[in-house]
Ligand code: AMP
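Form predicted on its own, single chain, as structure tokens, below.
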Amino acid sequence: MKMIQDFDFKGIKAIVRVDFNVPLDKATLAVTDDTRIRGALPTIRKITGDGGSAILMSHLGRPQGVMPKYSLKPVLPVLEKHLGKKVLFADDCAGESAATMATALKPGEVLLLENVRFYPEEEGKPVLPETATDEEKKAAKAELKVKQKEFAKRLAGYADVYVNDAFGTAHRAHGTTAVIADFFPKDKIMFGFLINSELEAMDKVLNNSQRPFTAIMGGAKVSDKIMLIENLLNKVDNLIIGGGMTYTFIKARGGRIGNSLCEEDKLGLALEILKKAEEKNVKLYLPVDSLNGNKFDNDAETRVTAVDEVDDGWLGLDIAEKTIKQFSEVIENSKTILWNGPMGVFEMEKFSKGTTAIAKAIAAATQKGAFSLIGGGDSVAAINKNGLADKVSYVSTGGGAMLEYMEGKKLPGITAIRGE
């Protein structure tokens, strides 16, 4: 494995896995958020600036075969604007046209390949009828695995080196995220700047955190975060729980939660987490008051109650003032902060106050010297909505990948480069 900053790309063709899975306007197909495109720019500029050429591959959406609405063409004008140069486009990623264009690529040039998920070989998931037997499924999967290797080998043949800079898909064992690395010598594979910075931020939080270390977990379900919570209980001083999962904990402790979201089959698990936190001397903070609505709607009537006294017919949809004050004090006295998941139904303005307050508390702590890592769609959205992206230490681009890495899992896209 090479470090990209030490590698000289002069006269070298690099095939780069980027994450251009960006949101598009449904009517115009224009890119509505170019964050991921901007994230790849340092790596592309390093390659072309050295006198090398960059062949970019990415997926967009979840197409079933070739579907024009999932074409990467809308990315072109945005990428060209940021790079200040023309970007070539191959209307296929693994056909003759792509191979020909890759061969003809000159130093300093950039070529974007069409959506790699137009080929089932990328994901390695066979499309089968529901009536398929287990034997048929097994045979189809084995056949596609062989084709996946051929697909990855074909793409690898375009270039001299492979660079993975798509952290958002690093937890997938796909053709362009993991398998392709097998077709390059170990000194010709590397991470791009984006993945390097992601890993550095996560490793700092997991393995080199300053104390007190506070993790803030939000979102709907305990089951979605259980592995992360269990891993963090070995590392944190404070664990703050918010969002819909709050009410599973509150009911497990005997509280009244009205019609609030609750995983009935996870009540025992919630009690187990509370017990483990106590055993490990982790201070676990649950909300003390709740902003409730009489329906799941921005136009709902609202009332504030103690978090364990939500009336029947009402549901908890955000944290309220006492909780905001308590959580903010814990956060602002922390030296390391990890935030994943909202405190309430953030997408509804009426129930976004708690999440916004947490975002501001994290920014305030960061300004006082704390290291803060933000990950997960709603948490990142809250940071961006409040213009705080430059007021926190690191905003992760990979939701699922970040979760799995923080859980302690090995990610195929990372392992393929590191050789673990």
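Keep in mind that this is a model prediction, so the values were computed, not measured. Residues carry their position along the shown sequence, with the first being 1.
What comes next is about the form predicted together with this ligand, which does not appear here.
The stretch among 78 to 86, 346 to 354, 143 to 151, 109 to 117 whose residues place heavy atoms within 4.5 Å of this ligand in the model of the complex is 346 to 354. The candidate spot formed by 243, 296 and 317 lies fully in contact with this ligand in the model of the complex, as each residue has a heavy atom within 4.5 Å of it. Only one of the listed residues (204, 221, 256, 172) places a non-hydrogen atom within 4.5 angstroms of this ligand in the model of the complex, and that residue is 221. Taking a 4.5 Å heavy atom cutoff to this ligand in the model of the complex, the contact residue among 226, 101, 261, 330 is 261.
Taking the partner from the other structure, this ligand in the model of the complex has no heavy atom within 4.5 Å of any heavy atom of residue 167. In the model of the complex, this ligand lies farther than 4.5 Å from every heavy atom of residue 192.
In the model of the complex, no heavy atom of residue 339 sits within 4.5 Å of this ligand.
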